[in-house]
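Starting off, we have a lone chain in the form predicted on its own, written out as structure tokens.
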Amino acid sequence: MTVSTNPDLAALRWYLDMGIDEATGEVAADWLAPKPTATTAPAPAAGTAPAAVSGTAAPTAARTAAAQTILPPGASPPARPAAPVLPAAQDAQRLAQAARSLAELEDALRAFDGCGLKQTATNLVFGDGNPQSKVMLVGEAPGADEDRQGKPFVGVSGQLLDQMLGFIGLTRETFYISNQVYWRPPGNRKPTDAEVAACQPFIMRHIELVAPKLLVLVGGASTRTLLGRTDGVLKLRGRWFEYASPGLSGPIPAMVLLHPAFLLRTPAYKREVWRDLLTVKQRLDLLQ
């Protein structure tokens, strides 16, 4: 086999290997670059009073001193204001709760414009499998193959997941699967907190409409979103938790499973995943 020495071609091949297979702007975005800092205010014109004297802005030292005011003994510090709910999340909550079926929920997602990922994705990736199944799996976000086909977990990671579940007798006809984010992030980057928050009401309603008997959270991202757990996935895997939401009749047993993409990078953990899958099978057998 002839190896090309063209540096431009080598760079393109490297981009493809890293999952960067499309351009979203005229200029490449450096996601690791520090955010720009506020520019220094221009000097006041001659004959005008400085801002600190005119009262238009408090001096930095005064603001710092005010923030460090000492409270009298027994006094409680003032409560911090609650984090504002973004309009996109409010719109998502309204649309998701109005859905009375999976078809209506999918239509609501297609009409929803509050997640910027929709603008760069090719397809909405809603769900796949049997929605009447007792087992529902939730992953993080679609990849390139999922974006092209409009189905979750159909790439290399998805094929490995199918093999893993097949060992305990589960197929796409006997389980249902979706993601916490419904559109592919450009270059397979990690979804931002805002993008996850915009999709969260939809995946919560998705689970309510399927109403599975067991929930399997694939990877740490969906675990943090749906269980609110911040521990590492290696610490959470193999343990049973309870997932609850207002639209469910009661809590659902939830298992944390290592993501198949992680296993492709670190196959030494396949033994742990096999044990976790047997635990899922044992719990599922009790529901028969």
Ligand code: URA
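Treat the numbers as computed from the prediction; the structure is a model and nothing was measured. We number the residues from 1 along the sequence you see.
Absent from the display: the form predicted together with this ligand. The rest refers to it.
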item: Heavy atom within 4.5 Å of this ligand in the model of the complex - the one residue of Pro201, Pro191, Gly143, Pro212 that qualifies; value: Gly143
item: One stretch from 203-211, 152-160, 111-119, 97-105 that, in the model of the complex, holds residues within 4.5 Å of this ligand by heavy atom; value: 152-160
item: Any non-hydrogen atom of His259 within 4.5 angstroms of this ligand in the model of the complex; value: yes
item: Interface membership of Gly139, this ligand in the model of the complex, 4.5 Å heavy atom rule; value: yes
item: Within 4.5 Å of this ligand in the model of the complex: residues from 177-196 (heavy atom criterion); value: Asn179
